[in-house]
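Given next, in structure tokens, is a single chain: the form predicted on its own.
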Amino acid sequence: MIITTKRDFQELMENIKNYKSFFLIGCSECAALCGTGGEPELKEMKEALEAEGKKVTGAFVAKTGCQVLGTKVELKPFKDALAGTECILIMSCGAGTQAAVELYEDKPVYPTNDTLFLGNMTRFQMFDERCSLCGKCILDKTGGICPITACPKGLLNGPCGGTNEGKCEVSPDIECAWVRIYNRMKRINKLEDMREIAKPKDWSAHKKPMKLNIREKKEEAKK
């Protein structure tokens, strides 16, 4: 899931100081779980804006804020409220903000959150980064633990000389990714696989901006 935190409210107010009316769009998935874009947060934002003398023409929590076509359909009942607003505030991730920009090209759109990383929720509103979206997964070779993300140095062959009693030299609060990988490979009887030296990372698999057309791939496969 995409992890977000709330932006500083005064910084947001500086962004939107020239606008008087707003429509709020949240997300029922990642942002809701992060406590940054669910129903309670939209209500809180509405009250905060009104306390500043602003008008909120409407608010809606999209099923998935980054799904452009789906969100467009969901927002049809709010056509008048959206037409009557000066500015749209997106209470989800950066992808949700850019989805709104695509849908409402003639209106200013601002994010209320900072987008941090792709992570796992370990407990309620507690998140760990687990994936760097590098485009070429190596989890099949490391027992399902990603050293590119879990190791602050992103080492493909480790551990480095700074590890101390299973902890990372960057911080004693961080477990050495390669010690974790070793222990994992030992438990699943795959230690022999660690003798293979990993080649330098091919970062070309993560060109920006990336696109994927699954329908096109399926058509090519039929030929």
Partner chain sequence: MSFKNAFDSGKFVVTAEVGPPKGTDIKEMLHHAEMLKGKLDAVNVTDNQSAVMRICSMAICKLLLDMGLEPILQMTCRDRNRIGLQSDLLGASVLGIKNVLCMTGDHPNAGDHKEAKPVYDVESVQLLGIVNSLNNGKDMMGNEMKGSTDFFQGAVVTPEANPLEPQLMKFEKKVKAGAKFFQTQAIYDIEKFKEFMKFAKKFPVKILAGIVLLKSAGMANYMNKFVPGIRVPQDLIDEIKAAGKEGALDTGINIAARHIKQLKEEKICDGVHIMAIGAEDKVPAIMERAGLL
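In this text, all values refer to a predicted model and were calculated from it rather than measured experimentally. Residue numbers count along the first chain shown, from 1.
Form predicted in complex with its partner chain: not shown, discussed below.
- With its partner chain omitted here, the record of contacts in the predicted complex names 153 to 161 of 40 to 48, 153 to 161, 23 to 31, 59 to 67, defined by a heavy atom within 4.5 Å.
- Taking the partner from the other structure, its partner chain in the predicted complex has no heavy atom within 4.5 Å of any heavy atom of Ile188.
- For the chain shown alone, Asp173 is not a contact residue for its partner chain in the predicted complex, no non-hydrogen atom being within 4.5 angstroms.
- In the predicted complex, Gly35 stays away from its partner chain, with no heavy atom inside 4.5 Å.
- Among heavy atoms of Lys211, none comes within 4.5 Å of its partner chain in the predicted complex.
- Residues of 173 to 210 that come within 4.5 Å of its partner chain in the predicted complex, judged by any heavy atom, are Val179, Tyr182, Lys186, Leu191, Met194, Arg195, Glu196, Ile197, Ala198, Lys199, Pro200, Lys201, Trp203 in sequence order.
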